[in-house]
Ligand SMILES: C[S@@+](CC[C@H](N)C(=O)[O-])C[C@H]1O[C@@H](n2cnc3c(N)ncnc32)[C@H](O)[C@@H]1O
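Quick setup: one chain, the form predicted on its own, written in structure tokens, and binding and motion questions come after.
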């Protein structure tokens, strides 16, 4: 069995087996419909940050929308290119850090499909991300960015998630939460995750990596968006009502000045 030593480097998380297993084991797959509606209403070319292996971006492109993608994982972008080729789609991808990127052009809208912004380590870095987003917005361009506040972990870890391997050799992929360190005061959570590949019930490849997230309250997100220069700033919960301190999942909607 091959086993990779655990790394604390966050840029190395979505590589190798983790990148391969992402689509099969992701807990919150993105529905393309609201993002398609968002991009279509804005017009022009959109930019998806943390686009990963192309969900939902490729669905939007297949629907005739112009969307480019940015991600910090070269492995995820390669998987996205392979998916696009298999589906007969042209895709424009950028390798870069969503907290600090410079693509040399402006976009009609910018979004993140899912709360990937919680992967940034602190409030200041989230502020840098929003400033980078602002610098790539056409006048009046809207942005849509989901945020997530995790509940404190239970006494026992969640059960493993398993899925059939999408690769031709078959087998099974399995994700297990080994441990969770939840720091409510610092708004940080570090989970040690174990990814495994099994064939005929035997583990043939295994890797453990720390998955670190940092969450922000809605009022903090509003302040950071205002500091980045956005206008028409709102944070909405799953019912499209104003987010409150009790909202576990909410979305920043804001507009670049005209």
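Numbering follows the first chain given and starts at 1. Since the model is a prediction, treat every value here as computed from it, not as a measurement.
Omitted from view is the form predicted in complex with the named molecule, to which the following refers.
| Heavy atom of each of 130, 135 and 225 within 4.5 Å of the named molecule in the model of the complex | Verified in the model of the complex; spot residues all out of contact, no.
| request: Counting non-hydrogen atoms within 4.5 angstroms of the named molecule in the model of the complex, say which of 141, 126, 145, 98 makes the cut. | output: In short, 98.
| Residue among 50, 36, 207, 61 with a heavy atom within 4.5 Å of the named molecule in the model of the complex | When the named molecule is considered in the model of the complex, the option within 4.5 Å is 50.
| If we take heavy atoms and a 4.5 Å cut-off, which stretch out of 85 to 93, 155 to 163, 176 to 184, 111 to 119 is in contact with the named molecule in the model of the complex? | That would be 111 to 119.
| field | residue 191 within 4.5 Å of the named molecule in the model of the complex, heavy atoms | value | Close contact is absent here: in the model of the complex, residue 191 is far from the named molecule, nothing within 4.5 Å, heavy atoms only.
| So in the model of the complex, does any heavy atom of residue 70 sit within 4.5 Å of the named molecule? | The answer is yes: residue 70 has a heavy atom within 4.5 Å of the named molecule.
| Residues in 150 to 171 close to the named molecule in the model of the complex, defined by a heavy atom within 4.5 Å, in order | Contacts from 150 to 171: none.
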